[in-house]
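The chain below stands alone and is given as structure tokens, in the form predicted on its own.
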């Protein structure tokens, strides 16, 4: 299994109010670098592939401010160099938007980060999802499918920039006083419908050549984009049958594009509640669910779905919402279970403590993960903390990882150095 830790540089990543914790147990606050260093070291101790940072650029209404619903968010891009300095093998994936970042700027920053981390960088490609983000940049958010059309062109451009230096262009010949061979550094003269650049990139070839490309869109258009570009796709999850159908669909799309399906890793979102006894885990899960007001969950849904759901009656069914311009894959995951109301969705929205199969002893949770891994076409899991993140990940590494390792489901050592090498490692390695 490939494992990643999922966070935002914020008080709470996904699960609402996960920042609520006994003050006497808090060693560092979320905005202190020591908090993040402890998490990174713990993930590396657990031999995780990567520390994954989601990000967004909007929000800030009264509800979000009151409960810290993915707000505030600090910039994870500037945090990663510090974390890479206190780890040796752990990879890092950072979210950057094709809608808001100029392509040349993004290509340059990520190539530089790949150097600083010695080849441990991945890029989570997002097109951004809500109008508040666009307003913060003073632009208008394009329609859902057009954002992906733009992103296709964007990826063509940044890929050309990363390839504008041939791998052996830098010679550093001291005697001849030649730094690089000019014949191996190329203009790209890219001119598309939305983006253009002459190139070349002013960063030498990075250890991985290009960052590992992550993507999370599971809508129809998002799947098309993933089939074209992604090295790794994050999925919402579901039953093994539903997960396998998702994988088969992506593989068929990749084959139509001439891509090898074996090159793709699918990582499922999860956030299990693990404890030494079943009773302890269930008590903790109940505490997590009880602390989340329905209004907070619905506010979180509003931001993700780019629709103000707070003004609607809680018994409004998803079928009544019409077309979603935000994260359609999240909506479709709930629609696959029937036609729930907003209140019903809110009870479990991004709250793994509400899912019985993910609550329990290490043995029970390992059974759930193993079933998805072996029967659902899932390559691994992305762990999102349900409470104070340093302690949450410590429990995962101390309790769950040894059980998975005893079953031969996770690595017992790193065999590679770069993030791309981690993700290509198999059980045979």
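Computed from a predicted structure; not experimentally measured. Positions refer to the first chain, counted from 1.
Another form exists, predicted in complex with a further copy of the same chain; not displayed. Remarks below refer to it.
Listed stretches are 223-231, 308-316, 140-148, 101-109; the contact stretch with a further copy of the same chain in the predicted complex is 101-109, by a heavy atom cutoff of 4.5 Å. At a distance of at most 4.5 angstroms from a further copy of the same chain in the predicted complex, none of the three residues 256, 298 and 335 contributes a non-hydrogen atom.
Checking 263, 204, 321, 244 for any heavy atom within 4.5 Å of a further copy of the same chain in the predicted complex turns up a single hit: 204.
Screening 339, 356, 168, 173 for any heavy atom within 4.5 Å of a further copy of the same chain in the predicted complex leaves a single hit, 173. For the chain shown alone, residue 58 is a contact residue for a further copy of the same chain in the predicted complex, at least one non-hydrogen atom being within 4.5 angstroms. Although the partner is absent here, residue 177 is a contact residue: one of its heavy atoms lies within 4.5 angstroms of a further copy of the same chain in the predicted complex.
The closest heavy atom approach of residue 78 to a further copy of the same chain in the predicted complex falls within 4.5 Å. Not displayed here, a further copy of the same chain is approached by residue 21 to within 4.5 Å at the level of heavy atoms in the predicted complex. For the stretch 62-89, the set of residues having any non-hydrogen atom within 4.5 angstroms of a further copy of the same chain in the predicted complex comprises 62, 65, 66, 67, 68, 71, 72, 73, 74, 75, 76, 77, 78, 79, 81, 82, 84, 85, in sequence order.
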